[in-house]
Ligand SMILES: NC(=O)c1ccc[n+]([C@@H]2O[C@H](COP(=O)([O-])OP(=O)(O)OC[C@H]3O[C@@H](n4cnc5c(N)ncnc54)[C@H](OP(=O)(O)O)[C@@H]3O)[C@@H](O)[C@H]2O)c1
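Shown next as C-alpha cells: one chain only, the form predicted on its own.
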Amino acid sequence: MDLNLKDKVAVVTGASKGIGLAITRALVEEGARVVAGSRRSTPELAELDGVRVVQVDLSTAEGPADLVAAALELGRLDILVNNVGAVSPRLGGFLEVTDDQWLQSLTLNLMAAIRTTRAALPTMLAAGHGTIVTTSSVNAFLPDPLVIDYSAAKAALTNFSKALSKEVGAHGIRVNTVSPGPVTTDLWLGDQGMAATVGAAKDTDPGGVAAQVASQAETGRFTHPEEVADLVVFLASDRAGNVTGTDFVIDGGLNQSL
C-alpha cells in the first residue's frame, strides 16, 4: 500500500528511542523527510537518512517552537507526531507526589504537545492541510495510582486532541491519538524502567513484573514499538483521509471495556 508520504515533511518529538525512533524510521521508509526532536541524539537516530536531528528540550516553553522553526526551513510542514513523554512510578502513593513531580509530568506529557501543536498549526492552516497524531496511553482511561500524574496528563492530552479536531477539521487538518498499552521499550523494560523500579521496590525480578503485566493482555505480550509506528504512519497518511477526532488503542486486548 502506497501511503503517498514521499517528500512530505514530518516533525516527530521524542524521536531518539523507543516509539519515537520507530515512528521516525517508518516515516523515512515511506519517503518522508523527518525533523526529529529530542533532548539528545542516539546512534540509531543519527544513522537514518533523510532525518534532520534537532537537539531540543521540549519541556521548556521555547523548545517546541524552536523545533517547528527548524522544520519550516524545509519550506513546508505536513505531519506532526507528538510523541515525547515520560513516566515515573509513584511507589509511595499520592500523598508523596510533590507539586514539582506533578508539574514535570504535566509539562512533558501534556504541555509539550500543546506547545508544539500551537507552533505547527498556523502553517497547516495556511496550507489548508495537515495531520497531527499524538501518542497518548491506555492510562488516559485506565487510571492507575502507580502512575497517577501520568494518567491525569494523558487523559488531558486525549481530551485536548479531540477538542482540537473539532476546531480544525473543516480546515483540512486531521487530529488523532494513539493509545498504547505497555510497549517493549526502555520505559518499561530498561534498567531504570517501570519493571525494574517496581521489581526493586517489591524485591521481585523485573522479568516477573513484566510477565505479570503482559499476562493481563489477551495476546499475552507487550506491544512492539514498530506496531505502534505502523499505526501512527497510516493515520498520518492520506489513506486515513476521513479519520479524525479518534483515539486508537493498541494494547493486545488489555482494556476490557467497549
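Start at 1 with the first residue shown and count on from there. Since this is a predicted model, take the numbers as computed values, not measurements.
What comes next is about the form predicted together with this ligand, which does not appear here.
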Are Thr131, Lys162 and Leu235 jointly within 4.5 Å of this ligand in the predicted bound form, each by at least one heavy atom?
no
Quick one: does Asp186 come within 4.5 Å of this ligand in the predicted bound form, counting heavy atoms only?
yes
Verify the contact flag for Ile173: yes if a non-hydrogen atom of it lies within 4.5 Å of a non-hydrogen atom of this ligand in the predicted bound form, no if not.
no
Is Val56 close to this ligand in the predicted bound form, meaning a heavy atom pair under 4.5 Å apart or at it?
yes
Would Ser16 count as a contact of this ligand in the predicted bound form, using a 4.5 angstroms cut-off between non-hydrogen atoms?
yes
Heavy atoms within 4.5 Å of this ligand in the predicted bound form: which of the stretches 165 to 173, 83 to 91, 141 to 149, 70 to 78 has them?
83 to 91
Can you tell me which residues in 111 to 137 come within 4.5 angstroms of this ligand in the predicted bound form, by heavy atoms?
Thr135, Ser136, Ser137
